[in-house]
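What follows is one chain in structure tokens, specifically the form predicted on its own.
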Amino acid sequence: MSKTWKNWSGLVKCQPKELLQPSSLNELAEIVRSHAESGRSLRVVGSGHSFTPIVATNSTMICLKNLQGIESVDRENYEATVLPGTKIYTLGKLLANFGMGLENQGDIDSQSLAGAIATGTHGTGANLGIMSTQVVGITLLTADGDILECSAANNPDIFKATQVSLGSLGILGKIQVKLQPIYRLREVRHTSDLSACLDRLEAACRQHRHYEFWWFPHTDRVSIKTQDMTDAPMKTSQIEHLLNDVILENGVFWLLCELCRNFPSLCKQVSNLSAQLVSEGETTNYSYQVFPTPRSVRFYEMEYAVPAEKGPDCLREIKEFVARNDIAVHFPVEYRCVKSDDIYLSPAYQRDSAFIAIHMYKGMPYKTYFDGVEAIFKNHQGRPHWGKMHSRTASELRELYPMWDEFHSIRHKLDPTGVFMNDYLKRIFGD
């Protein structure tokens, strides 16, 4: 009997017929080639941090944990060629050894680089794009086992499709990333009223390199985090990290989450308490150490990108919906800003975007909340994050992405027999 695989949240489960862990690109190419010849499908798994069944399969699952590390570094042009299974937290440390760093990343760093690229993972910053915008070259293993080099100069259309592809065009064998000299960030955390936060949102997003906030449902309070480049000396405290990030924001919060799971009527009080307990302060460290936030409390998540100018009104409507329907939720709502790009399936394609994410603690009912908020996202021309929960259909998605048909034309050309497809992709792609 096949061993059950499940994602980080535990909501997605499957029983792959076999789990393969190739140790070289040649071995990986041979696996792909044999599956294409025999008509079998396969899916590649990273760290399982997608909340959708994007990698679920009853056929072959490929894990890239043996394909990690930096293959080469171009010191003059600040670029590195990275193997696909490399975890982002590992990459930060490796790049630091060369005096380099990623331009931007998200607040979770346990994903594989290939998985983060394939799903359009992002951080925050009004002048910064999703992580895929840092990719300048991709070595793609296609369905026939061939290796295709893609960049702005080589196969440019395929490159733009591959930068966010949900793993449907082939396997990312190598990823060439544009970097910058290693730098430090000063992070400042403080609380504010939601109305005041939204009134100065546009200016704050432009003022800071990175700006984001969390709104606590059933309250008017937000927790704001800014991050800016600095030459100031390091300012870190292991004791403060232990108290705030580990004990308070994970340990105590987990206990509060369990309380809400068993007694949903307490969600309002818990959300209010969380808004009071959230940590304030500042720290200064290298970027790869400042970006990530520990996440040991497990949850379900939906995230949409709406046009930046629609973001504040969208959040206000979410607040009204939660209050009007007395939604039993205590998890904060996250708000981030991202620059537009030209990547075919990027949620930020051709528009500056506000990414708004809602969460529900694992084990608590989420459907009423998620369905209601998703309707609000739809009314604001929202595009779903490809790694987060949503219910959009192929016909709806086609209307949201101007390059939808071009992407799928490339997909059908590269993988005519659907080697890299699964039931979930067939549903959202309309196959």
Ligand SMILES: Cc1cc2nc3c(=O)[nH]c(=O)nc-3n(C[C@H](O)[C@H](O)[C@H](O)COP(=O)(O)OP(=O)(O)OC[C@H]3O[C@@H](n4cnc5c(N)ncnc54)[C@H](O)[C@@H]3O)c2cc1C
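What you see is a predicted model, and the numbers here were worked out from it, not measured in a lab. Throughout, we count residues from 1 along the sequence that is shown.
What comes next is about the form predicted in complex with the named molecule, which does not appear here.
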- Message: Partner absent here, but in the model of the complex, which of 224-232, 165-173, 71-79, 145-153 has residues with a heavy atom within 4.5 Å of the named molecule?
- Response: 165-173
- Only hit among Val329, Ala118, Ile358, Ala354 for heavy atom within 4.5 Å of the named molecule in the model of the complex is Ala118
- Message: Under a 4.5 angstroms heavy atom criterion, identify the one residue in Arg43, His35, His390, Arg383 near the named molecule in the model of the complex.
- Response: Arg43
- May I ask whether Leu64, Gly106 and Phe299 all come within 4.5 angstroms of the named molecule in the model of the complex, judged by heavy atoms? yes
- Query: Hey, in the model of the complex, is Pro84 touching the named molecule, heavy atoms inside 4.5 Å?
  - Reply: yes
- Task: Look up in the model of the complex whether Arg186 has a non-hydrogen atom within 4.5 angstroms of the named molecule, and give yes or no.
- Result: no
- Any non-hydrogen atom of Ser47 within 4.5 angstroms of the named molecule in the model of the complex: yes
- Contact of Ser112 with the named molecule in the model of the complex (heavy atom, 4.5 Å): yes
- Within 321-341, the residues that have a heavy atom no more than 4.5 Å from the named molecule in the model of the complex: Arg336
